[in-house]
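Here you get one chain, nothing else, as structure tokens; it is the form predicted alone.
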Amino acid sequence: MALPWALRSCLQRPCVLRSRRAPLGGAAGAGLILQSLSDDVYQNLAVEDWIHEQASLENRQVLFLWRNAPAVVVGRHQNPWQECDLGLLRQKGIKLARRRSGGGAVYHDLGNINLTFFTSRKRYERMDNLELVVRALRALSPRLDVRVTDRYDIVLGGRYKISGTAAKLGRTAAYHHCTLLCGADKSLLSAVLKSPYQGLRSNATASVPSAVRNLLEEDPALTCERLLEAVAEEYAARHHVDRHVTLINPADEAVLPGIHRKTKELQTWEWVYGKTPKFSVSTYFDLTYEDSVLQVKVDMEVKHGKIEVCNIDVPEQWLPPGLCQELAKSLTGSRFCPDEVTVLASAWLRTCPRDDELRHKWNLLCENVRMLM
């Protein structure tokens, strides 16, 4: 199946909403296959939200195909500090996003395919969608040993996870989305989905680690392009719809009114971090200063991503107790974020005594507190 590469095809077809509550167009019972022109995780998640909220899905089904540049996506009820290495994400310039659906944390790059199946709430059935994906894989590679588990994962060879799944069920509409590992960077996937943070206590949904494998490792012919085509063809055959794939530009307000607002909201600190369920941190770290190793104890309670309670205990002979209390007091009410510590540390340095040793100790303490975030 040749995929169209001009957005004009999307605009010419009566398939995309041009008014806020208009139906998707076409005959009742028809389906639609969309593919994103963007590799931006926030834009693509915004399209999911838009279709779920704006499209009339009572008599129509939609398949949305999309891929992202490197990103980590956590579930709606997860704790990013518990799920990934935020310092490594910042170092590598990898985006962090929070989706509207539940489930665990996933790593995306252009070697990973995302599939979103939209239906009415009454017609929602994730197992049917996953079996459809399995049929598409077997159509490309008949000897491929793939199956759906009772956790709604797709596994290869009875062991390796190649697809994870999550869903959002609204009052009248629903969607189920899943990943498909084709040629993702597994070393980076493993590194970024490994939290280095110690002493976190949280009731947030925790991811279940799994051994993973790329489909390209099993069969070099299973490229992302071929997989996208195969899933689209199988979807069209299963639902008796036009196999044409319509490209959609997630940045086009004329096609998706209000999409910029949705995209912007998904990028905000308040959504990505502030929606984290309440958690606490109780940990120790060692400070090496000259020939001494000192132990520092930190206890914090964090709600909506902001520090509600903060206690920092440092040996009195090393740093005046008043300074630790000042740091703890300044952190209380601030975001649980390394940039906040940097700002507070710099503000104190502008007013503190010209004592080089004291300044050095202060910077050392603040840097280690930063590393907890």
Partner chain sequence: PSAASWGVPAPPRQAPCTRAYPGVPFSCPLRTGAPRGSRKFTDKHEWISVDNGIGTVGISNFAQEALGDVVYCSLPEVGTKLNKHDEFGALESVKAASELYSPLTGEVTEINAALAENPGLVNKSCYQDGWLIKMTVENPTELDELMSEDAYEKYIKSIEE
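Positions refer to the first chain, counted from 1. Given the structure is predicted, the values throughout are model-derived calculations rather than measurements.
Keep in mind that the form predicted together with the partner chain is not shown, yet the notes after this line are about it.
Residues with any non-hydrogen atom within 4.5 angstroms of the partner chain in the predicted complex fall in just one of 219 to 227, 94 to 102, 127 to 135, 281 to 289: 94 to 102. Listed residues 260, 244, 76, 238 were compared with the partner chain in the predicted complex; 76 is the one with a heavy atom within 4.5 Å. This chain appears without its partner; in the predicted complex, the one residue of 87, 157, 170, 209 with a heavy atom within 4.5 Å of the partner chain is 170. The partner chain is not shown here, but in the predicted complex it comes within 4.5 Å of a heavy atom of residue 303. In the predicted complex, the partner chain sits within 4.5 Å of a heavy atom of residue 205. In the predicted complex, at least one heavy atom of residue 121 sits within 4.5 Å of a heavy atom of the partner chain. Put simply, residue 274 is far from the partner chain in the predicted complex: not one heavy atom of it is within 4.5 Å.
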